[in-house]
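Have a look below at one chain only, the form predicted alone, in structure tokens format.
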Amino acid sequence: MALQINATNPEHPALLLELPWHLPLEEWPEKYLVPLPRGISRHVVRYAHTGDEVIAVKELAQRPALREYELLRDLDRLGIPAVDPLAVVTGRTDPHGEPLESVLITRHLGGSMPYRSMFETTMRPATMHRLMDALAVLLVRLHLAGFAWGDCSLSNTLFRRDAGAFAAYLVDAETGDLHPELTRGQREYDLDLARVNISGELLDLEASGALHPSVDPIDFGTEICARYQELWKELTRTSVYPAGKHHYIERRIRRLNELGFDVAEMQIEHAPNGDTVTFVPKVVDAGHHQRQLLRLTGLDTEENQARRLLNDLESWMATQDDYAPGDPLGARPEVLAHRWVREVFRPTVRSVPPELRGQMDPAQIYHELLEHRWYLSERAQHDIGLDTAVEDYIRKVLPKRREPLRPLEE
């Protein structure tokens, strides 16, 4: 059988032909390899140069290689965080004509690390919790897409930090299956495997002295199941919102925030009987919201203020006709964010009389107005609107909260 390269991009076969496919991966010369940390795998895996890219090459039998390649392509089409499949090489033989195993080629995920590399120095428990939350988010997203992983573990996951956000990526789909929808039994089986695998991997780290002494491996494996269940319940609870939907959307966002998750993306779909809202969660590190708000709007705030303002910004953007995440023809988030500052944030803050602002900065004023809107909407059981909240806040709240102070300079 002749050497065959099935690739997603026409450029890849020409570049890949330069690699020594006549040698087993374990025997590849150093000049082809990139010294990056590798996780534990049942197969031989190597990182190599090809053009300007770094690729991961995994040696396995032809049938599972082709199957995993197609599964990864399916996950890519579904927008699931996973490694990017590039090619499958089959028909390999050594210089004596003896057959060699096929290989699956994926693009190296820049900035990512296998969990063992991250634990080379003892990781703080708070950081571990955020990593586990990221893995719970990944598992929920896979299950929502109908993908049964079959071997969820730290070893089959890559972790990446990006501007304060933590994300987990599937790196091994060999045992997976894609269905139109998963049954409860399929999800619980995946979750039980995750609990056993993660506890076992943490016990291994504990034995090597790389686990923080305050972390119990068994409890941690159980905790990820609890985090998954909380997140699954919040994301799959079907809600249809009436026309004045802002208050209800904010309530869902608050519940996700209370669970420790941020909202990465929101999508509103219009239907005859109301609107449905879909949320995509993410896990963030300390200071993330400050950096994100500053980058998008130029507003320099405290962390809690930034989270609140970003939630309002995301809700507002989702109502704009030119908001289309992932669509190159849609308005860029930075453009929409500056429009929000110009059309919503500044006019709202300026509507508060300077003599009543006291020493509050604009971000704190807007934060308090949003909180007031939330409480009034909760009491009324419908969204009262920002203008009504501002009027009530100026008339009833500010005069009672403080004596008039020297107004801030604009």
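From a predicted model like this one, the values you see are computed outputs, not experimental measurements. Throughout, we count residues from 1 along the sequence that is shown.
Beyond the structure shown, there is the form predicted together with a small molecule, which is absent from this document and is the topic of what follows.
Colleague: May I ask you to choose, among Ala363, Val45, Leu356, Val341, the residue with a heavy atom within 4.5 Å of the small molecule in the predicted complex?
Modeller: Answer to the contact question: Val45.
Colleague: Ok, Leu369, Ala65, Ala56, Ile384: which has a heavy atom sitting within 4.5 Å of the small molecule in the predicted complex?
Modeller: Spelling it out, the residue with a heavy atom inside the cut-off is Ala56.
Colleague: Given the stretches 299-307, 332-340, 214-222, 99-107, which is the single one in contact with the small molecule in the predicted complex, using a heavy atom cutoff of 4.5 Å?
Modeller: Going through the listed ranges, the match is 99-107.
Colleague: Does any part of Ser351 reach within 4.5 Å of the small molecule in the predicted complex? Heavy atoms only, please.
Modeller: Looking in the predicted complex, residue contacts with the small molecule do not include Ser351, since no heavy atom lies within 4.5 Å.
Colleague: Residue-level contact is defined here as any heavy atom of the residue lying within 4.5 Å of the small molecule in the predicted complex; does Pro114 satisfy this criterion?
Modeller: Result yes; Pro114 sits at the interface with the small molecule in the predicted complex.
Colleague: Is Val83 close to the small molecule in the predicted complex, meaning a heavy atom pair under 4.5 Å apart or at it?
Modeller: Yes - in the predicted complex, heavy atoms of Val83 and the small molecule come within 4.5 Å of each other.
Colleague: Report whether the minimum heavy atom distance between Asn311 and the small molecule in the predicted complex is within 4.5 Å.
Modeller: It does not: once the small molecule is placed as it appears in the predicted complex, Asn311 has no heavy atom within 4.5 Å of it.
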